[in-house]
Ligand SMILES: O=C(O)[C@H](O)[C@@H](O)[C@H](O)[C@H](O)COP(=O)(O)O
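Next up: just one chain, as structure tokens, the form predicted on its own.
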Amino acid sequence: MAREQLSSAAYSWHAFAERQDLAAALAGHVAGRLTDAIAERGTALLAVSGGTTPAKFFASLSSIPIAWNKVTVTLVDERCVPVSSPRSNAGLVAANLLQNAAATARFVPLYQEAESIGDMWEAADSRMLRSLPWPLDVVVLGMGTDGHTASFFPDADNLEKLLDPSSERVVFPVHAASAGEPRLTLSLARIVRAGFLALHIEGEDKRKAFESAMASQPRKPIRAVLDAAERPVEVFWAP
């Protein structure tokens, strides 16, 4: 059950006592939005994040019996590593989301093996991604304690371009020392046009980081997303 619900002009805050309760509630919201999109236009487009936080949410969502054969799933961002790597977001999605009822969903990755990060970027920003049924119906973001979301790291060498809400790019390459390996990420412009935009965070450290990002200057990447979003972001949190 929700422990508290707060709101502001930029976001609505949904807090849960248990992480499993959060996972079930978020999965229900996402499944409902996907179902509405399918009813309206015959298809739905979902972008999800990786990391350690979303596994329970993925498992809950995968068991909800919607028309998954009409859903396309892609990633908010990806590390430039093979799908066999434990750091691959595509591998995480395959193992935890594209199972059960959701096994019939179509998956479109960001990362494809190439000789250089530039080639990877061009492949990711190719006709395959551009031909998806934009705008995104649902985006589920995560957040780091440094205030980054997607792969919008504060020390990224192209952060201004990443956070340009008028960009026509689908995907950008990311080089940031704090990111570890090179990454690919959806542009902010693609993320903030989503019909339903959620932020999934867990732990007291993430709550404090979010509160700090809402109040601090200079503006952190998660705040840039909330400021540019076309509708309030739904924040789901559990300790």
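Quick note: we count residues from 1 along the sequence shown, nothing fancier. On a predicted model such as this, the values are computed, not experimentally measured, just so you know.
There is another form of this protein, the form predicted in complex with the named molecule, and it is not shown here; the text below is about that form.
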Exercise. Do K206 and the named molecule come within 4.5 Å of each other in the model of the complex, heavy atoms counted?
Worked result: yes
Exercise. Does the 4.5 Å heavy atom contact test between R183 and the named molecule in the model of the complex come out positive?
Worked result: yes
Exercise. Looking at the partner-bound form in the model of the complex, is L136 within 4.5 Å of the named molecule by any heavy atom?
Worked result: no
Exercise. Would M143 show up as a contact with the named molecule in the model of the complex if we use heavy atoms at 4.5 Å?
Worked result: yes
Problem set entry | Stretch in contact in the model of the complex with the named molecule, which is absent here, among 210 to 218, 22 to 30, 51 to 59, 190 to 198 (heavy atoms within 4.5 Å) | 51 to 59
Exercise. Are there residues in 60 to 99 with a heavy atom within 4.5 Å of the named molecule in the model of the complex, and which are they, in order?
Worked result: D77, R79, N89
